[in-house]
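Presented as structure tokens, the chain that follows is alone, the form predicted on its own.
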């Protein structure tokens, strides 16, 4: 039977035949199964997001219960719904802010573009019409909408689209001196700095000691906003609810997506910190002219509520640190044996430095039933937070076997 090739896959070669893709048909816990019955350890939590694992009944039942009452309706003025209000309250409660507002969308890319627009309009409302520059970091990944593409520090992802959004400047990763120079030269025109607490898709790069604190200080000195892109880091991935709490730095705006619903239904948004939220609400005639058709979608919101409650009830924030400990134990052994050069990471997101192109190794691991990701010379491991110790061990063993075989 010929497999139709109508589906245009993201980050894939359009010339690749549909029959060459792994057809995933089911998932349970930290394991997925393809249409041949082959099982794989999901070492990437699908795409950095399935915190609670696959097939969790509390989330599935919450979606079904919500669908029985209200499947969909918008939250544009004058409408709202209970699920959207509840998930916003839970997200606000887990955030590092005292009394934030929560804007809802569906994708991380939507969240990033929303945060960029909010930063710009806040500066305009403060009377700083020249403050339009957004500073990005090398290796940073901020989605694939036009704003996020312009904001990301992965050069290949910015190429080939023609002109992107203007007023973006890039600074080298983890270099506070270079960031200081940019502020010294452009500070009066910088609207915001955008940064992942731990850079994920660019290769799992944690911040150097004091770097995020220095970034916060520079933003304060120059009246710029600090945006933390927590799309990957949020909801337990770094061993706290958010990376901001892991590193002890509070931004002005925070994006989220992925882990907020474990991907059961797409959900994303922006947590607007107290001072910015108060400023936006200070004048009754200010209309926030931004939003998406599916902002506050009842099914997405219900999934988010159930997911957050599951993370909390099962202690998965602490579990992320346990996963990290077991991962480090395995990688230490590989380093001691000279199999890998080193590793980096935090919580339950890690990169093993193998010293050569990681894609062939990633591909071999897939044939052995372990899903990982290859970025440059790093093999990435970002499993569901419910992953079992034995499965962590299997990842380490499979990495070693694939490095020997490729």
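Just so you know, these numbers come straight off a predicted model, no measurement behind them. Numbering follows the first chain given and starts at 1.
Omitted here: the form predicted in complex with a small molecule. The next part is about that form.
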Considering non-hydrogen atoms and a 4.5 Å limit, does the small molecule approach residue 108 in the predicted complex? yes
I'd like to check something about residue 196: if you look in the predicted complex, is any of its heavy atoms closer than or equal to 4.5 Å to a heavy atom of the small molecule? yes
With the partner left out here, check for me: in the predicted complex, does some heavy atom of residue 236 sit within 4.5 Å of the small molecule? no
Tell me, yes or no, whether residue 273 is in contact with the small molecule in the predicted complex, where a contact means a heavy atom of each within 4.5 Å. no
Would you mind picking out the stretch of 155 to 163, 223 to 231, 328 to 336, 289 to 297 that comes within 4.5 angstroms of the small molecule in the predicted complex, counting non-hydrogen atoms? 223 to 231
Please identify the residue among 100, 207, 143, 269 with any heavy atom within 4.5 Å of the small molecule in the predicted complex. 143
